[in-house]
Ligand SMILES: Cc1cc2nc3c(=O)[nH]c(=O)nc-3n(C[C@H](O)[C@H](O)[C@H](O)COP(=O)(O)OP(=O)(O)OC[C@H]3O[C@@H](n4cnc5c(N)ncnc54)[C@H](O)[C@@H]3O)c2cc1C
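Below sits a lone chain in structure tokens, taken as the form predicted on its own.
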Amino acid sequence: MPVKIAAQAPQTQRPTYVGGGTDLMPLLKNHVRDDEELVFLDGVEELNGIWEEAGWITIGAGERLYDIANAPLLREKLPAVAQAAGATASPQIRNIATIGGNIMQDRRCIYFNQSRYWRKGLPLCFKTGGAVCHQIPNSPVCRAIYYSDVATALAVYEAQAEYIEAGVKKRGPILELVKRHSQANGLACGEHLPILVTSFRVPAPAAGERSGFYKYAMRATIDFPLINFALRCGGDREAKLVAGAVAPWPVELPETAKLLNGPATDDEIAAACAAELQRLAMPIKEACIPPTLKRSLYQYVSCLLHLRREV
């Protein structure tokens, strides 16, 4: 069982749990991370499976993104999750990467995600044990961005994460877990929570509820998103809208979501979305786009309007 495996790690170290390893291995190769105690979870059957029971849909943390993207149950009842998994990385990576690893991925920054030799020319940042953010020098915390597509989709469904922490089984909102993880990940050497995520549980949607996911990237699925949206509407719940890749964790857009319930025009929705993102987003310089250009994406929300029409 997972807990028994974790107990083999020395008490002086925090074990790093590895699913597919597609996120972690490049970081180890470039010495961005130097984790010594790796616990490989491949083959742990308790972490696998996708099923519906007692009003909940459960996704095991060890499920591959390819299988999630093509699962009939998810495509029918949680299409935003299936679409987000299918829009992540390349087919080769989706065949290996797990949803647990995708949710618990490191935040990224062009000043940190480099080789150790490249980073030697810079003062230590928060993620390397220093006290400065090279992106925003006056920021008191790391401003690296969290890029998971699947987290945005799970958040729009108000998913719960189940995990084991200090030998105790716990459950909590997916956004709370991502925020805890991202805050820890902004500390020295990309700290990580000493927890083992086991599954994600989503309330089964009511009749008439619709949802969808849209990702905007430079090269479709190959790249990390410049911005993504997950939208849920219809049924007996209020509309919900979540945006990702704009801050250290996904952000909810409640004011824009309210307009989606009524007769607002596309222009009104676009303006509201741009204004709300201006307040909530924390853009940084990325590999292919500066913060000023990324902010212009907030005003050009054709992806959101397209998503509204699709669902």
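Please read these numbers as outputs of a predicted model, since none were measured by experiment. Residue numbers here begin at 1 and follow the sequence given.
Absent from the display: the form predicted together with the named molecule. The rest refers to it.
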| query | finding |
| --- | --- |
| Site test, Leu41, Ala61 and Ala97 vs the named molecule in the predicted bound form, non-hydrogen atom cutoff 4.5 Å | yes |
| Touches the named molecule in the predicted bound form: Ile222 (any heavy atom, 4.5 Å) | yes |
| Non-hydrogen atom contact Ser148 with the named molecule in the predicted bound form at 4.5 angstroms | yes |
| Contact label in the predicted bound form: Leu65 to the named molecule, heavy atom within 4.5 Å | yes |
| Contact label in the predicted bound form: Thr128 to the named molecule, heavy atom within 4.5 Å | no |
| Residue among Val178, Leu241, Val197, Leu78 with a heavy atom within 4.5 Å of the named molecule in the predicted bound form | Val197 |
| Partner-contacting position among Ala161, Ala155, Ala82, Met104 - heavy atom within 4.5 Å of the named molecule in the predicted bound form | Met104 |
| Interface segment, criterion being heavy atoms within 4.5 Å of the named molecule in the predicted bound form, picked from 113-121, 167-175, 202-210, 89-97 | 89-97 |
| Within 4.5 Å of the named molecule in the predicted bound form: residues from 16-39 (heavy atom criterion) | Thr16, Tyr17, Val18, Gly19, Gly20, Gly21, Thr22, Asp23, Leu24, Arg33 |
